[in-house]
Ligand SMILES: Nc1ncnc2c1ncn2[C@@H]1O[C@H](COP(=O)(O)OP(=O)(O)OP(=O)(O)O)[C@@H](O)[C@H]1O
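First, one chain by itself: the form predicted alone, in structure tokens.
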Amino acid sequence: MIEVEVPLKLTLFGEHAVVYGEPAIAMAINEKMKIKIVPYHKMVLKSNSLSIKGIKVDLEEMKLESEETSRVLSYALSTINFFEKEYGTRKNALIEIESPVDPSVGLGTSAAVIVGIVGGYSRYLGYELTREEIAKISHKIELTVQGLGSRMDTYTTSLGGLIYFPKGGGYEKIRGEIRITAGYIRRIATTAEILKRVKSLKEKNPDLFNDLISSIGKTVNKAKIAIEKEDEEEIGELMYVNHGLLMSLGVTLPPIDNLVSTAKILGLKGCKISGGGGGGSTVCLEDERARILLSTIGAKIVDARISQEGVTIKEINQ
């Protein structure tokens, strides 16, 4: 049996802009997705913890469909097909997924599923891939299934730590420490809907859109320097700036906007939305008052300590 642990992630700076080629900063956190690969007589995917959302039922054929479930299945099938095509190997297995959080809340659960299955299934087949190789393959599979997406989530969950993603590709581990309080609420819009909203602004007013995206990129680069200097005042101010720019893109929600405004009035050093928007995650510089504010909007608090080690894989002899 193969056991895999994959850290989830928080985006600190640069969400949405990273899709359009600007830099971003993300960190792996102590919330871990667990995946087991067990020998089996056929290929089976099982999860008792990943909730099913967006169910569609065809009453004539008595067929149940779920976008969330279909995507997870696509990740698993694409991984199996990748190794069969590229390595010429396939073995039946029971793949079990256990997640500590709800899906689609800005914590990189989709990326963690891909990274976990790629890491676990490759080891099950007898290959010992590096974390970087797992990240590269996982991003390829993400693009195969979704058609678009930055490398940020798959690389952060695979490699661990605090990572800067510059313009033009590659990544850089940031030397510096940042302490975060974070939580999430359910999203009221899907990633596809939010991306469509952002694209609509781009098409209607390209000059304004490009200015906003470029400003987010500049904020990211300033934040990298501030994190390296461990300058909390500067980091916090840039978090508020980044949130305002994301609000201008139309990806935030009133409850989170109100929380961020209240945090600033109360003197919290920094707060912002984290991830795709439409609800999801919020990050603040560590402060007990941030936990209280998050609880007022019904947010579930997550363990936002940095996970430095990335994906871990263990072989267990039964």
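Superpose the two forms; the largest set of C-alphas matching within 1.5 Å is the rigid core. Residues carry their position along the shown sequence, with the first being 1. These numbers were taken from a predicted model, which means no experiment stands behind them.
Keep in mind that the form predicted in complex with the ligand is not shown, yet the notes after this line are about it.
Enquirer: Based on heavy atom distances of at most 4.5 Å to the ligand in the predicted bound form, which listed stretch, 182 to 190, 201 to 209, 126 to 134, 218 to 226, is the contact stretch?
Expert: It is 182 to 190 that comes within 4.5 Å of the partner.
Enquirer: Look up in the predicted bound form whether M33 has a non-hydrogen atom within 4.5 angstroms of the ligand, and give yes or no.
Expert: Heavy-atom contact with the ligand at 4.5 Å: present for M33.
Enquirer: In the predicted bound form, is there a heavy atom of the ligand that lies within 4.5 Å of any heavy atom of R71, even though the partner is absent here?
Expert: Because a heavy atom of R71 falls inside 4.5 Å of the ligand in the predicted bound form, the answer is yes.
Enquirer: Does the 4.5 Å heavy atom contact test between Y75 and the ligand in the predicted bound form come out positive?
Expert: Yes - in the predicted bound form, heavy atoms of Y75 and the ligand come within 4.5 Å of each other.
Enquirer: If we define contact as a non-hydrogen atom of the residue within 4.5 angstroms of the partner, is L107 a contact of the ligand in the predicted bound form?
Expert: Yes.
Enquirer: Which of T89, S248, S214, Q146 has a heavy atom within 4.5 Å of the ligand in the predicted bound form?
Expert: Among T89, S248, S214, Q146, a heavy atom within 4.5 Å of the ligand in the predicted bound form occurs only for Q146.
Enquirer: In the predicted bound form, which of the listed residues (I141, I97, I235, V241) lies with a heavy atom within 4.5 Å of the ligand?
Expert: Here the answer is residue option I97.
Enquirer: So, does V105 move by 2 Å or more at the CA between the shown form and the other one, with the core held fixed?
Expert: It does not reach a 2 Å shift.
Enquirer: Superposed on the rigid core, does the Cα of L94 end up 2 angstroms or more away between the shown form and the other one?
Expert: False for L94: its C-alpha shift is below 2 Å.
Enquirer: Answer yes if the Cα of I225 shifts by 2 angstroms or more between the shown form and the other one on a rigid-core superposition, and no otherwise.
Expert: No, the C-alpha position differs by under 2 Å between the shown form and the other one.
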